[in-house]
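Single chain ahead, written as C-alpha cells, the form predicted alone.
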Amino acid sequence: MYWTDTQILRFKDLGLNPDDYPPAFDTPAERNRAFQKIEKQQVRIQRMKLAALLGKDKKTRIQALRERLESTLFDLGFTGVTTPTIISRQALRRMSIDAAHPLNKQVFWISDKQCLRPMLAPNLYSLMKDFSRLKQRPLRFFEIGSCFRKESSGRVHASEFTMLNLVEMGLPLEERQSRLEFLANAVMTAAGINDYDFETDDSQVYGTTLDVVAGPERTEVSSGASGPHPLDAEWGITDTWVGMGFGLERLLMISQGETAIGRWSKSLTSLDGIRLKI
C-alpha cells in the first residue's frame, strides 16, 4: 500500500522525497497515522530552522557563500563591480546572440530594444574595453549579480539565478589555461567543494570552454573561456584574457550534497532551504 496522491504532494511541500519513506502498512489507517507523524516532525524541524535563521544565524547560506567568494577574489587582487540588470539588444548581438541564436528564445524582453540580462558577459566586455585604456597589467575584476533566462523546469535550472563572473586581462598566452584552473580551484575551495573535475565543452556563445563539473551527477557549475577570441573584435578588445562564470545556486546545491536547485533558488516558498508555507 503506497502513499496517496495528496500525501505525495504534501511530502514535496515539506521538501521530502516520498521514496525515502517506503510504506509498509496493512491498512489505510496505519498509513495515515505514519504520514501524520512524519508531517508533524518535519513541520517542527522546518520551523526550528526558520527560527534559528531569524533569531541567531542571520545570514542565509547563499549570502555567506557570496561573502566568502568576494573575500577570496579581493585577496587575489580582483576588484568588485556592479553593472545594470537591463541591457540592450545591440549588446546581445555583439555576443553573437541574434534572432536566430538558440539562446534568444530564453531572453526576457522588456521592450523592442531592451531585455533582462541572460548573462553578465556583455557588461563585462564593455568594462574590458574601458579598462584596457589603463597601462597596468594584469587587470582583474568580477561581478556577482542576477541573470534571467526562460528556462524549462528542471532540477538545475531557474528563471532567475545568481552568477559570479571574473575576468583577468593581460596574461601571457601560455599561462591562460593554468590560470583558469588556478582561479577555478580558488572559487571551488571558497565554496567548500573538493570533489570536482575539469572538462572541455562546446558553448553556444564561446565555442570551446573549460567547464567545472561537481556533485554525484557531475553537474556543470562553471564555464571558462579565454582570449584572443572571435567575439573580441565586436568590443574592440586586443588584450589576452581569461574569464569564468559560476552559478552560485548550483555551487550551494552541490556543497549541501543535493542534486536539485529548487530549495536554493530565489523564492517565496523557501528560504535558505527552509520550507515557508507549512
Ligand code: ATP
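Position 1 is the first residue in the sequence shown; the rest follow in order. All figures in this text were calculated on a predicted structure; none of them were measured in a lab.
Only in words, not in the display: the form predicted in complex with this ligand, which the text now covers.
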Open item on the list: Although the partner isn't part of this model, could you tell me whether residue 239 comes within 4.5 Å of this ligand in the predicted complex, counting any heavy atom of the residue?
Closed with: no
TODO: Please run the contact check for residue 220 against this ligand in the predicted complex: heavy atoms, 4.5 angstroms, yes or no?
DONE: yes
Open item on the list: Even though the partner isn't displayed, in the predicted complex is residue 161 close enough to this ligand, meaning a heavy atom within 4.5 Å?
Closed with: yes
- [ ] Mark residue 184 yes when one of its heavy atoms lies within 4.5 Å of a heavy atom of this ligand in the predicted complex, and no otherwise.
- [x] no
TODO: Would you mind picking the one in 156, 188, 169, 107 that has a heavy atom within 4.5 Å of this ligand in the predicted complex?
DONE: 156
Open item on the list: Can you pick out, from 98, 195, 199, 151, the residue that has a heavy atom within 4.5 Å of this ligand in the predicted complex?
Closed with: 151
Task: Segment assignment from 29 to 37, 227 to 235, 244 to 252, 54 to 62: heavy atom within 4.5 Å of this ligand in the predicted complex - done: 244 to 252
